[in-house]
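Take a look at this single chain in C-alpha cells; it is the form predicted alone.
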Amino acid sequence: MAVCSPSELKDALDVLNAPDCVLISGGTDYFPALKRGGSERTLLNLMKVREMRGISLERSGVRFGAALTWSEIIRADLPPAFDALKSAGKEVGSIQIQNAATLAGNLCNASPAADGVPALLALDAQVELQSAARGARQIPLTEFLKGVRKTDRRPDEILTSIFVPQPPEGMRSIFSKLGSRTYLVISICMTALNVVLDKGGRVRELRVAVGACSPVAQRLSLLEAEAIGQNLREIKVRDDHISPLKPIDDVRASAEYRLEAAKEQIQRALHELSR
C-alpha cells in the first residue's frame, strides 16, 4: 500500500490521476473495512492539504475546509445557528474518531446515518469540488448526495470545502440522535432544526432535516412552510409532514418505529427551541 500526503491541492489533484487511487480524509471508515492483508491501491491522504484546512468567515457565509476534523468543528467559535452541527460532531464515534474523522469523509462516505448531514442540510450547505481539468464547481449538498454510498463527485474531483450561506440574524439550532444506546452507536433516527423567531416569538423561518430515515437525509418542506407565523409550542407534527421519509426495517429498528421516533424528536426539539 502506497500512501501519498501532499500539502498543496495542485499536487493532490495530480496524484488523483494515478491508477487505483483512493481518496482518504481521516480514513475512519476506510481502514476498518479493509480485508486482512491491506490493499495494493494508492492512498491519497488529504489531511495535510493546506487549502482544505481551517474555517473562513466570509461576507456571504462561512467556509469549512473539507479536511477539518469534527474535534476542530466542536471547538470552533461559531454562532448558535451552528450548535446543531457541533452537537452532531459530538456523536461521531468516540473522541479518538472525532480527532481523525473529517467533514469530507462524512459526506463522501454517503451513509444514510451520517451524523453531520442533517445539520448541514438545515444550514443550506453547499459543497465545492475541484478538478484539475475543469476547475471548481459549487453545488447544494442536496444535489451532491445521490443515495446510499452515492455522491455526485466525479472520479477526477476532490471535495475541497463546505460553504454555509450567512445564517439569518438570531437563528438557533438543535440536533437530536436516537440509537440503541447512548454512545458509539449508529443512528436509528436523527433530526436537526434551525429556527428564526420574530419579535413576537413566532416562526419567521424553520428548517427541519431528518437523517437515517431515508436513503439520503431530507428536509421536511411542508412542515417548514406551515410553521411560518406559528408559535413553536403550537406546531403539531403530523404524519403528512414526515411522509417524504422512506425508512427501512433493519436490525436497529423497524420503519414504523423510525417514523414515530422522527415525529417525537421534532416535536421535542420544537418545544426545546421555544424556551
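Numbers follow the displayed sequence, beginning with 1. Computed from a predicted structure; not experimentally measured.
One more form of this protein, predicted together with a small molecule, exists but is not displayed; see below.
- Out of the listed residues 148, 136, 184, 95, 184 is the one that sits within 4.5 Å of the small molecule in the model of the complex by at least one heavy atom.
- The contact residue chosen from 171, 203, 125, 159 relative to the small molecule in the model of the complex is 159, the criterion being a non-hydrogen atom within 4.5 angstroms.
- No residue of the trio 179, 212 and 259 has any heavy atom within 4.5 Å of the small molecule in the model of the complex.
- Among heavy atoms of residue 91, some come within 4.5 Å of the small molecule in the model of the complex.
- Mapping the unseen interface onto this chain, residue 226 falls outside it, with no heavy atom inside 4.5 Å of the small molecule in the model of the complex.
- With a 4.5 Å cutoff on heavy atoms, residue 29 counts as touching the small molecule in the model of the complex.
- A residue is said to contact a partner when one of its heavy atoms sits within 4.5 Å of a partner heavy atom; residue 52 meets this definition for the small molecule in the model of the complex.
- Between 110-118, 71-79, 192-200, 163-171, the stretch whose residues reach within 4.5 angstroms of the small molecule in the model of the complex through a non-hydrogen atom is 110-118.
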